[in-house]
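Let's start with one chain on its own, the form predicted alone, as C-alpha cells.
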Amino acid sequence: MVERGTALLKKMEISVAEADKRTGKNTVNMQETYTVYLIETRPAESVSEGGTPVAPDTLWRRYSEFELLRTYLLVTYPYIIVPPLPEKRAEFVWHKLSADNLDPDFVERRRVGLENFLLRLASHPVLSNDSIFFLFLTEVLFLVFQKADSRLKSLSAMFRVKNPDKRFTALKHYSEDLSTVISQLLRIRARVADRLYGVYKVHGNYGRVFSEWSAIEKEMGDGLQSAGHHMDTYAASIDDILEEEEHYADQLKEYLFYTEAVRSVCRKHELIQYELEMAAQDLSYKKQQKEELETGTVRIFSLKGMTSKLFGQETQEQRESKVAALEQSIQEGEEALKEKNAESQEFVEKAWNDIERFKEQKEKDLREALISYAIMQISMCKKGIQVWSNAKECFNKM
C-alpha cells in the first residue's frame, strides 16, 4: 500500500527485519524489559558485480525512538499529515488475543507497522528528503532535539478564530466523523471475531462426539471418524484466520490514527489564523490611538480619556512624541501583519497540497484493505463449505 516512486525509495530499500526483547536500566536506573527493532537498509541495486547480494546496513531502534522521530517531523512540517505510528498497546482486539505489548504476536504486528511507517515517510515527496529522517535510518547515534510548539501550549485551548477557513473546518469535522466510523467498525469486527472464535471452537465438539460415536459403530465407524477429523481441522483453523484478520484490522487502525494527524494540521492552521487576526486587531488599535492623539477626540470610553478630563490635556510636544512612537509601532505592526499573511498563505498552499495527496492515498488504501478483507471472508466461508462437503462425503460412504 506504499508508492515506491520517490527518489529515496528508488535509491534505498528499507525494512524492519526483526524484533528482539531486551532488558536494561531506564533513565531512573530501574530495570525494565523492552523491545528493539532491527532496521535494514541497502542500495536499491543491491547485487554486486560478482553476483552476490550486498549485505544491508543495520541498526536497532526502540519504539520510543520512532516516537521521537515522528515528534520532530510534526514540529518541523506543521503543514504535513505525518504518517502515524502503529499502536503502542493493543486496542479493539477480540478477547483471545493478548493485549500485552511484549506478546510475540503483537510485537510482530507492530514490527510490520513500524516498517510501514518508515516506508510511508520514504514515499512522501517532502518527508523523504529530510536529513534527520535519513540519519535515523543510517546512523547508530541519533538525537532529536525536540522543539516544543510553545505557541500552541501558551494559548488557551478555548481560543476561537473569528474567520475560520471553511475548508479546514470541514476537514476537521470530516476527520472526527471518520474516526468515529472506523472506531465503530473495529469494535464490531472485534465482537464478530469473538463470536466466530466460539463458533469454530465449538465445531471441535462435533469432532469429539463423532470420534466417540465411531468407537461403538462397526460399519459406520470409518465415516464418522473421518468426519470428526474434518471438524477438528475446521476448529483449529480459526487461530490462523483471525491472525490474518488482525492484519486487515491494523490497516484500518492506521487510518484511525491518521485522523488525529489530520486534526493536528487543522489546529495548526487555526493557530496561524488566530495570530493573524490578533496582529490585524493590534494594528487597528494602534491606528485608532494615533487618530485620537492627532484629533484630540476619544471615540470610546477609556481610563485615559477620563484622566485627561480630570488633569488636563497633554502638551503638543507630548502628543507629537507619542504620535511618532505610534507611527513607528504602526510600521512594525504592518510588517508583522504582512509576515503573518505570507505565513498563512504559504501554510494553506502547502497544507492543501498535502491534504489532496493524502485524500488520494486514503481512498486507494482503504479500498484495497476493504476488498482484501471481503476476499478473506469469502475464502473463509468457502473453507467452511468445503469442510461440510467433505463431511457429507464421509456420511455418504457409511
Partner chain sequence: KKLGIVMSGAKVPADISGHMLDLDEEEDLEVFSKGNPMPNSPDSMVNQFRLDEENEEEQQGAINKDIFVTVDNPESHISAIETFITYRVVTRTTRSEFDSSKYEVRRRYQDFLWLKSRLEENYPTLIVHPLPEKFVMKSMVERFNDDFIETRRKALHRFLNRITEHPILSCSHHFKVFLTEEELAPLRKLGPGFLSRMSETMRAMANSVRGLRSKLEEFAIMQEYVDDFSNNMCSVDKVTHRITKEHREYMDELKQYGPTYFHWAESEELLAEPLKGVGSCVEKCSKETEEQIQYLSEVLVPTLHEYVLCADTLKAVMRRRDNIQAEFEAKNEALASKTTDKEMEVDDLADRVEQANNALRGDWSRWRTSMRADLKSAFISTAAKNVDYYEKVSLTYWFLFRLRKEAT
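Positions refer to the first chain, counted from 1. Just so it is clear, the structure is predicted and the values come from calculations on it, not from any experiment.
Heads up, the form predicted in complex with its partner chain isn't pictured, but that's what we're talking about next.
Handout entry: in the predicted complex, segment of 182-190, 81-89, 108-116, 271-279 with a heavy atom within 4.5 Å of its partner chain
Key = Stretch with heavy atoms near the partner: 182-190.
Handout entry: Contact label in the predicted complex: residue 210 to its partner chain, heavy atom within 4.5 Å
Key = Contact with its partner chain, yes.
Problem - 4.5 angstroms heavy atom contact with its partner chain in the predicted complex for residue 373 - result: Although its partner chain is absent here, residue 373 would touch it in the predicted complex, with heavy atoms inside 4.5 Å.
Exercise for the section: Decide whether residue 70 counts as a contact residue for its partner chain in the predicted complex under a heavy atom distance cut-off of 4.5 Å. Expected result: No, residue 70 stays farther than 4.5 Å from its partner chain in the predicted complex.
Exercise for the section: Answer yes if any heavy atom of residue 17 is within 4.5 Å of a heavy atom of its partner chain in the predicted complex; otherwise answer no. Expected result: Residue-level check for residue 17: no, no contact with its partner chain.
Exercise for the section: Would you kindly say which of 103, 239, 217, 320 lies with a heavy atom within 4.5 Å of its partner chain in the predicted complex? Expected result: Answer to the contact question: 217.
Problem - in the predicted complex, the residue from 161, 252, 261, 235 that sits within 4.5 Å of its partner chain by heavy atoms - result: It is 252 that has a heavy atom within 4.5 Å of the partner.
Problem - its partner chain in the predicted complex: contacted by all of 174, 199 and 384, heavy atom 4.5 Å - result: Answer is yes for this spot.
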